[in-house]
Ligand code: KIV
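Only one chain is included here, represented as structure tokens and corresponding to the form predicted alone.
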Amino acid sequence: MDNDKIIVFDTTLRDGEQSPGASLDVADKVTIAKQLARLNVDVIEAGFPVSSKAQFDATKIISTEVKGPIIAGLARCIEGDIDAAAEALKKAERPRIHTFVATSKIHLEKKFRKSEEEILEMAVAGVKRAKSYFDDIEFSPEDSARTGKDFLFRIIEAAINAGATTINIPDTVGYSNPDEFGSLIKEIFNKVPNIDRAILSVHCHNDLGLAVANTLSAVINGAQQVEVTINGVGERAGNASLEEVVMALKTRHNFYGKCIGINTREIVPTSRLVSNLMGMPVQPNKAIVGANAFAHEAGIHQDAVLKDASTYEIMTPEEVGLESNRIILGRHSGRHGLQQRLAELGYKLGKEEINRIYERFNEIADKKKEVFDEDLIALVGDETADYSEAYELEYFHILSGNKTVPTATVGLRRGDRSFQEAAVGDGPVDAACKAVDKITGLSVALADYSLRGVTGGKNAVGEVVVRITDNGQKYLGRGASTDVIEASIRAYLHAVNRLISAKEKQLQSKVEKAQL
């Protein structure tokens, strides 16, 4: 084996499926196995064949249909388990039986009620029986991290002499820490005389949040195989995450000095497939595959990333299968990020227009977590008018209810002057429009009103389109906001301003003609 190559053993379909509520049917397991082959993992642990008919069938089908990776089946050091695994794996291109027995004092006393010698005999017998079927045999002393070292070294040596080609060291309950676990791996190399005849593997659980750290510490100390799962799924708090271990080794190759054969561009597709089929959403801040892993909202970060992504990204999103990073527009975003996104949407706007839109953008961003493209499009339509605004909305207050007369107080600004009026109406929108009419002195008819949600969710931006008429002339107005009343007032005011602009232009034209 290449001393620099780390073997990636994926146990999503075995240990990962043992996550509470994460059971997969046979078809789902086969689908995931085929994707793991595309990901180019070295070993796929397909299941625990003796545990159920579904586990047996899934392992058998995967062994038949999936080519490339080694296909492993788990078995206790019990004849029936090993025979079932061998039967399920018999058509595999590259089969491996992974057999195990618990070795820690607490397991021997509480679970088995057997002596160390009896456990050692079980291990040797199990490995020998597995070896009678296939050449590739993996042995795990379960709960290695809590096993007495002298016994651990003895049982590893005996398993190798019995025919084990891979020795796996599990931190079954996530008890160890990086220094401690790394030292254990180093001691195994120093104290087990025949360890050079086997691959040394590690399998870490995440009960203390140290699974990835312990795995990488083991690699530093000589471990040649890592046992991992997609998204870190697994019993209790899960296992070492494949994507985190793999990308740490790749991104920090200068530190670890190890190579991997994983097709990292398949990481995100594999993560999403496993998440969907298991019904286990990935937390947004999950490293590598979380929704926020390559997302930037802070204005300072956005500005730097738009100039050079390496300022805040130590790997590229394309490396793990994403098309690009994400500039999240929210309350922490700056003008640069907003302007860049508007440009990507096809809007070439001047400085004054950007400033106006940025003010409205901040108002919306304060009300919802993320401002989407549809929100921006609605805002641009609201703010980039081909006329000068006579009146600007300063504030509004609505009093309404099923047993209350709808009342609206509206404050508008025109130049340096502020105006305020209140009115009642058939509803809050009608009352607000009447208050606007009082301020402007206009009396117009609302010919049409429509409201649509331009984004989904409870905090969606609503866009209102209105048409008003004055002496037979129609004027269109648009308004957008997370508050439908505000959107309605803005739309109505938009149309009124168009009317005022048209009247002013007509008056200006008459003055110019009179001067000729």
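Remember, it's a predicted structure, so these values are computed and weren't measured experimentally. Numbering starts at 1 and follows the sequence shown.
The same protein also exists as the form predicted together with this ligand; that form is not shown, yet it is the one meant from here on.
(message) Can you tell me if L74 lies within 4.5 angstroms of this ligand in the predicted complex, counting non-hydrogen atoms only?
(response) Within the cut-off, so yes.
(request) State yes or no: in the predicted complex, is some non-hydrogen atom of H205 no more than 4.5 angstroms from a non-hydrogen atom of this ligand? (result) Yes.
(request) Answer with yes or no whether R129 is in contact with this ligand in the predicted complex, where contact means some heavy atom within 4.5 Å. (result) Although this ligand is absent here, R129 would stay clear of it in the predicted complex, with no heavy atoms inside 4.5 Å.
(message) Although the partner isn't part of this model, could you tell me whether P170 comes within 4.5 Å of this ligand in the predicted complex, counting any heavy atom of the residue?
(response) Taking the distances in the predicted complex, the answer for P170 is yes, it comes within 4.5 Å of this ligand.
(request) Could you tell me which of 392-400, 406-414, 98-106, 159-167 sits within 4.5 Å of this ligand in the predicted complex, going by non-hydrogen atoms? (result) Among the candidates, contact is made by 98-106.
(message) Just to confirm, with a 4.5 Å cut-off on non-hydrogen atoms, which of E319, E142, E244, E87 contacts this ligand in the predicted complex?
(response) Checking each option against this ligand in the predicted complex, the one that comes within 4.5 Å is E142.
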